[in-house]
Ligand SMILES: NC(=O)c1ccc[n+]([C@@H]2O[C@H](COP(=O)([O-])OP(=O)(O)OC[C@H]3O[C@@H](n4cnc5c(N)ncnc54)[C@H](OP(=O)(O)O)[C@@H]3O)[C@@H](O)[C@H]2O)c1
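Consider the single chain below, provided in structure tokens and representing the form predicted alone.
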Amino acid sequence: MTDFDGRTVLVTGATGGIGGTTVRQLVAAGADVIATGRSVEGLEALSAETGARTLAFDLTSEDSVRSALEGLDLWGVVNCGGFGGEIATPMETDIAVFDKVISINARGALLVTKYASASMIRLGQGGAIVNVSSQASLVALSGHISYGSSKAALDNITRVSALELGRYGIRVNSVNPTVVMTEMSAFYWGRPEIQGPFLEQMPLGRWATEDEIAAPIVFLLSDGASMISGVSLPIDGGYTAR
């Protein structure tokens, strides 16, 4: 059910932890993966490890996305490129940071969807898109005004895209992970006063791993999820079930 039989899948944010793990799992499932990301060095290392193809473009530039994706034959997309922004309240937030977070997390994913879906419609073979959102779009998290807003916008992009693209046999879903304790997230979530109370509210009581996020992404891309479209799937140890 998760054999991709050479289907071409584009993964943005592939040099990050979730993106890189998704690339590895997709390659293992037989997909032809095109990996994109900010770090050329990271992409080269990932390509050498997995055999994935690489592609460079700027998520904040429509011209860059258009020139990279026009004419590219795609069956699937994982929008994993993202920017965390800042930890700030609505009263303290830097609007320039807010604009950048929205530009990458929501606008960038919409640009990729815009041009990738044109390719998928042209090919007429259906396909699937998975947007990597966050639990921060489903519940209010302190300090996450910019990030949570960008992911809430991404969830709406998911729903409307599912509505519009369904007629072409293209499914669109989001995954909404909890925290994966990476070096980048540890600066905030690793603080005892943050980590303890948060995990106490989570039924499973632990952080997620990259593999635990990538596996549902691969499933939602696969034929095993052929009747699933327009959902935002929490991968959060039960946190949003409270």
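If you're wondering where the values come from, they're calculated on a predicted model, not measured in any experiment. From 1 onward, residues are counted along the sequence shown.
A second form of this protein, the form predicted in complex with this ligand, is not displayed here; the remarks below concern that form.
With this ligand left out of view, the stretch that reaches within 4.5 Å of it through heavy atoms in the predicted complex is, among 181 to 189, 46 to 54, 198 to 206, 26 to 34, 181 to 189.
Checked against this ligand in the predicted complex, the candidates I104, A128, L111, L165 yield a single residue with a heavy atom inside 4.5 Å, and that residue is I104.
Using a 4.5 angstroms limit between non-hydrogen atoms, G16 touches this ligand in the predicted complex.
Looking at D58, you'd find a heavy atom of it within 4.5 angstroms of this ligand in the predicted complex. Heavy atoms of S67 never reach within 4.5 Å of this ligand in the predicted complex, leaving it off the interface.
Contact annotation for G82: at least one heavy atom lies within 4.5 Å of this ligand in the predicted complex. The candidate spot formed by R38, S134 and K151 is fully in contact with this ligand in the predicted complex: every one of the three has a heavy atom within 4.5 Å.
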